[in-house]
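What follows is a single chain, given as structure tokens, in the form predicted alone.
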């Protein structure tokens, strides 16, 4: 059976209904069958109407019957062939120094292919936005080179239509949300019934249907971010760059958007590469293929770099126990323990994370939270 159809059935059986609906929309779009996509949109609306009006009650039988119908139709027409990856951007030792101030983005190199997600993390003021704006063609480079593989001798206009950049502060728009999406689709050459269908899809996919007839001043900053994402996706960029897209979202919405971006990058309808910056390290690391840590304008660490060898295990731990208790149990000569505002960071060249946790639990240390950060960018903060 098709892996993605299996995935949706698993979500339904485990009551992960929201994720099942979003994935159904994706796979129906990828099928290329407009009628199937229309049916999926109607099915999604049925789910959202129930969640809005009757969330305390079980979903109606019709919801599951329609799901079975959609999945059976997909079985007969959909082939799960992953999109072929293509190199999108090749960045060689780019740097940027501002004429005012003393900040410099030091030479950074990277590559990104279609269907890949790259996270750029770091504290504020360390160069994340500068790097992203360079990649989007918005800042002139002092040195180095950016090759947009699909473009030949591109100018800024070509780059702007190849690379979409969504800033942290969304530019104000006027009129109704839905009208702006129709206009954006028209600019991308999507007209007539297909324009109506794709706007309806984006509204439903990003949970904007209830906000379609509202204006800028009537929606929250989080939904403005969703709108901007919908507007950009209608234009089908090859490379999507997002600067702090999680900043205006609540905790649940952050993980939803990140998961959706991961799925959208791997879409058969329009695979693309995605680069996003964030201070939400753990959340980004869950979905990104590669994570860059930017500190003081330099790439301090990147996951998966074969030249970087981790010499010690590292653990982030929350407990009411004193530092001295931890050191006494683990041995002062075996571990290093630092306290970082509510969490302990424990590193060791001799003990694995598993052994550290086991030793603490065996001594009845009350552990309320722990995370293995041996291969995480978090250990470098």
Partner chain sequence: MNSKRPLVPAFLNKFDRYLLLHQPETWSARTHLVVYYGLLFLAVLTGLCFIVPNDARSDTPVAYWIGFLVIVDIIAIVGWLIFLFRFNVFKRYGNITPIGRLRTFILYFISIGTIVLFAYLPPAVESIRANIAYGNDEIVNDINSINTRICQIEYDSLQHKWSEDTVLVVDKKSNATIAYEKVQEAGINNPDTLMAEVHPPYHVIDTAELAQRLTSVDSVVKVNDTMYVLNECPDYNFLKVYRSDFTYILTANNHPKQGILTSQELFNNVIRNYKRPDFIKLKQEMAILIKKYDYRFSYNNSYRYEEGSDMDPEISFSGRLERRYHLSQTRHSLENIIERKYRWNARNFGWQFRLFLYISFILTLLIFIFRHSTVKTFFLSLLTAVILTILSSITLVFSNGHENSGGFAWIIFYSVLFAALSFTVFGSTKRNLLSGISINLFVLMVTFIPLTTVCYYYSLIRREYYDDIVGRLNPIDQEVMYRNIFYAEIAGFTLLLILLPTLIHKLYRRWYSLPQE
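If you're wondering where the values come from, they're calculated on a predicted model, not measured in any experiment. Positions refer to the first chain, counted from 1.
Just so you know, the form predicted together with its partner chain exists too; it's not on screen, but the next bit is about it.
Heavy atoms of residue 169 never reach within 4.5 Å of its partner chain in the model of the complex, leaving it off the interface.
In the model of the complex, at least one heavy atom of residue 231 sits within 4.5 Å of its partner chain. By the criterion of a heavy atom within 4.5 Å, residue 300 is excluded from the residues contacting its partner chain in the model of the complex. Within this chain, residue 191 lines the site of its partner chain in the model of the complex, having a heavy atom no more than 4.5 Å away. Residue 187 is the only one of 253, 149, 187, 247 with a heavy atom lying within 4.5 Å of its partner chain in the model of the complex. The contact residue chosen from 160, 262, 106, 270 relative to its partner chain in the model of the complex is 160, the criterion being a non-hydrogen atom within 4.5 angstroms. With respect to its partner chain in the model of the complex, the three residues 96, 137 and 175 uniformly fall within 4.5 angstroms at the level of their nearest heavy atom. Between 219 to 227, 201 to 209, 275 to 283, 96 to 104, the stretch whose residues reach within 4.5 angstroms of its partner chain in the model of the complex through a non-hydrogen atom is 96 to 104. Along 356 to 381, not one residue places a heavy atom within 4.5 Å of its partner chain in the model of the complex.
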